[in-house]
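What follows is one chain in structure tokens, specifically the form predicted on its own.
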Amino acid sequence: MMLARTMNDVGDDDYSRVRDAIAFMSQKWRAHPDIETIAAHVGLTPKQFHDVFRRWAGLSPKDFLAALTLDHARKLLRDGANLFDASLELGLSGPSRLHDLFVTHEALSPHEFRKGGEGLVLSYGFHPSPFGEALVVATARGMAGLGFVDGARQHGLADMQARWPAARLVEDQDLTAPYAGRAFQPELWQAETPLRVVLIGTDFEVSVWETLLTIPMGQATTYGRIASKIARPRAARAVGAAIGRNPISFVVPCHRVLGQTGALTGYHWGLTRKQAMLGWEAGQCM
């Protein structure tokens, strides 16, 4: 299908090099390393590196390096605050709200969640993505999980299984492939065919995840602001824990949440991947 062709053109080797380059740039950004230095670090010529990086991220290494600075993170935070607040004030946080990925969502009932997913059949599949191999989990009602595989696939699968220990996981690449395509191919982000997701968590977690869906692409917010928006202003740490348990990475954009100072902070699937997502989205917004 089209997703396999598009992503395989990029290739796992490209992602590995880009990932290593991002890690290098995130450590050396204050020195403003030139493209020759970065290319040499990942074993490519400057032209090869520039072409691979631009094909992968949609922007040049130089522009991406700028996106990694704390100044840029703080700018995201400043610029994002008003848009984030406005989206909530306009009542755009309801279950049928369309955000930049044209996502519509529902939550599993508290009773179903308390049963640990008992009786729930979850289909899963492994698919290429701009951020390495992705693990997509889906129910008959929509996407329930999206994680990433670093190393052995069973580790990523165990991570998802631990979230719903009583559920039955069945491999079904054909069923999960369309969800991967809808998540990672911008040309498929169509309002007429919204990506449906199912949020499986506690009431508090679901309220946090629903709030994440209101953060526009290219913008950011803080844990404290999310806590205030769900009427729990002193619960920033609990909000952080709920964000860390977000099972639908990227689509429910927990990567757009920064520390109070604009620092990128941690990420369940790796800080480098969080940086990669923000840079990739910057490329889509240009």
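Computed from a predicted model, the values in this text were never measured in an experiment. In case it trips you up, residue 1 is the first one in the sequence shown, and so on.
Here the subject shifts to the form predicted in complex with the DNA, a form of this protein not shown in this document.
When you look in the predicted complex, the only residue of 47, 237, 54, 32 with a non-hydrogen atom within 4.5 Å of the DNA is 237.
This chain is drawn without the DNA; in the predicted complex, the residue among 173, 202, 193, 185 with a heavy atom within 4.5 Å of it is 202. The DNA is not shown here, but in the predicted complex it comes within 4.5 Å of a heavy atom of residue 232. Mapping the unseen interface onto this chain, residue 19 falls outside it, with no heavy atom inside 4.5 Å of the DNA in the predicted complex. The DNA in the predicted complex is approached by residue 267, whose closest heavy atom lies within 4.5 angstroms of it. Taking the partner from elsewhere, residue 224 is found to have a heavy atom lying within 4.5 Å of the DNA in the predicted complex. Note that among 121 to 129, 137 to 145, 202 to 210, 151 to 159, the stretch whose heavy atoms approach the DNA to within 4.5 Å in the predicted complex is 202 to 210.
If you check the DNA in the predicted complex, you find no heavy atom from any of 251, 273 and 279 within 4.5 Å. Interface residues of 243 to 265, taken as those with a heavy atom within 4.5 Å of the DNA in the predicted complex (partner not displayed): 243, 244, 245, 254, 259, 260, 265, in sequence order.
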